[in-house]
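To begin, one chain is listed below as structure tokens, in the form predicted on its own.
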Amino acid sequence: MKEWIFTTDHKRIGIMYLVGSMAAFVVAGIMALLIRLELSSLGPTLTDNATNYNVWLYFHGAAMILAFLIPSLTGFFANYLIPLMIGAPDVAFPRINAFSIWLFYVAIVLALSAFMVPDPPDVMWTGYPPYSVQTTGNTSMYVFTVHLLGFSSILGAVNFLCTVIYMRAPGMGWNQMNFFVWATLAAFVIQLIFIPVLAAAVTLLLFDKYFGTAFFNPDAGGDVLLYQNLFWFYSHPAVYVILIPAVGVVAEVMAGMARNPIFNYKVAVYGGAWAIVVLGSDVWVHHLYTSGMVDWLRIGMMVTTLIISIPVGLLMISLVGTLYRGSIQYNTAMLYAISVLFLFLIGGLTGIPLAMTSITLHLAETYFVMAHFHYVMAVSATFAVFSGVYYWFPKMTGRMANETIGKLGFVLNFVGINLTFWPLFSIGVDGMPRRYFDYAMFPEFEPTQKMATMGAIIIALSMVVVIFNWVYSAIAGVKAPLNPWGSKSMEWTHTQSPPGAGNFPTPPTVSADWSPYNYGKHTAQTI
């Protein structure tokens, strides 16, 4: 226990990120199940107190995005894999890395304590004023949780940028790095630029509620829209902090399972990931189309929102091209990876009408937006996380995950996800508003809500299967060979499973023709 608490080993810190983010995922999933059970019928179902419903919404949204998706992708995967992929013995600043994980854990504990205080936060994950200033809920807990997670992310971003720039194996050029490394670098640049803006926004919110300032109070010269602009100036790029590393994980899994190089590697890196970094800062106003924006700003942001579909499309083309004429292994990791293409396709296609101002004025704040958001980011990224965990499970534990249980969990998950969110597009178009505690004015939507709740129950069952499989396989799974997938990437060819201290038995070097995707060639060294 002492070794884990005081560790500076990037691999152990990565696993700690996985455990912490999965703990947040489980609690946030329980909140989602409570929400769906409450909505399964007209009138009060689990509670007659709308504040309880708001608390469930707050914790579900904040924990899923800030404590599960971002930490699992830029915390767990980045920590565990980047030094192994670039031939480094550890990260550039191991003690700062350890500090960042404990900031993350303190944030999770603070968030969970919301269930133990008499005035839990009820401000959703957005914290919009004036409600967040006027509510009796504890807005300060929301603000300090965001601060802690933000500091943790900034420290991680600085650490890994320095690690990749200065600690690559001798001979490894920029275009010889794994696509996942590039994807994570892009996400960390976004974090460094935009997290301070979110921190400023929630800090001003804190001042307004507890110190009597009026940054967001129109009666005293403030502006409510100022908060919305500051919040979404970070929180829309945060979508890409999740999306780009998720695509990176899926690309690594597909390349390994199809035994193919990544299709259009340089186009995906520079025209896909880094183009999103550039354009991602110019699309945030599409979250504010109905908030009183001037028309010229709406139109400009509509154009940039549509344009950003081009680099996203290049990433998707790269994934599909990687599968072309591949020798594909359809194991659990690959099933999750391929399903990301389908889920993201649904999310992406439903995002195009939401980019159009004339259509969004009707669809804003309806279930259509909520279903789109879950398909395009929440569900797609979660499936990418599961795909990556199954793919690198032998590397982390030295054992193989059980394929039968894994595929059962996948089928339940895929069916439950689509049963939950697909029908919500329909009632969203018909006008079902988001965040409503009850929908007595829309009794015709009750059958659809019941169907979505059945899907949520199936998802919950699938999560039990998935987590059981990971725990069972880590303890009693079949011992894994050193390179079970036949990968050419350095974390598989140059290290033990799991890797020891310092990662590599001998410091690796890279030749000019080496690539992590040299399938069919014999240029990669093996331990």
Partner chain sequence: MADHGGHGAAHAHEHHWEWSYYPLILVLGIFLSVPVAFGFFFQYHNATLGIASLGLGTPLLLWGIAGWTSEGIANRDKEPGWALTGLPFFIVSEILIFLSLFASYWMLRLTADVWPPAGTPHIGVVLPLIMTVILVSSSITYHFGEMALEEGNKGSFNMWLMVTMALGLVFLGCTIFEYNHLLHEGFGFGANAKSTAFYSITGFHASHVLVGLGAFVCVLVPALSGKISHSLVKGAGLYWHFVDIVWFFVVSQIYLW
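Numbering follows the first chain given and starts at 1. Keep in mind the model is a prediction, meaning the values are calculated, not measured.
Same protein, other form: the form predicted together with its partner chain, not shown, and the subject of what follows.
S.K.: Would D119 show up as a contact with its partner chain in the predicted bound form if we use heavy atoms at 4.5 Å?
M.R.: Flag for D119 set to yes.
S.K.: Contact between A98 and its partner chain in the predicted bound form at 4.5 Å, heavy atoms?
M.R.: Residue-level check for A98: yes, a contact with its partner chain.
S.K.: Does the 4.5 Å heavy atom contact test between T404 and its partner chain in the predicted bound form come out positive?
M.R.: It does not: once its partner chain is placed as it appears in the predicted bound form, T404 has no heavy atom within 4.5 Å of it.
S.K.: Quick one: does F504 come within 4.5 Å of its partner chain in the predicted bound form, counting heavy atoms only?
M.R.: Within the cut-off, so yes.
S.K.: The chain here is shown without its partner chain. Which stretch in 405-413, 100-108, 381-389, 68-76 comes within 4.5 angstroms of it in the predicted bound form, by heavy atom distance?
M.R.: This holds for exactly one stretch, 100-108.
S.K.: Looking at A214, L419, L112, I457, which is the one with a non-hydrogen atom within 4.5 Å of its partner chain in the predicted bound form?
M.R.: Looking at the other structure, the residue within range turns out to be A214.
S.K.: Since exactly one of T397, N178, T448, N138 fits, which has a heavy atom within 4.5 Å of its partner chain in the predicted bound form?
M.R.: Exactly one residue meets the criterion: N138.
S.K.: Let me know which residues along 152-166 have a heavy atom within 4.5 Å of its partner chain in the predicted bound form, or say none if there are none.
M.R.: The stretch 152-166, when checked against its partner chain in the predicted bound form, contributes I154, L155, V158, L161, C162, I165, Y166 at the 4.5 Å heavy-atom cut-off.
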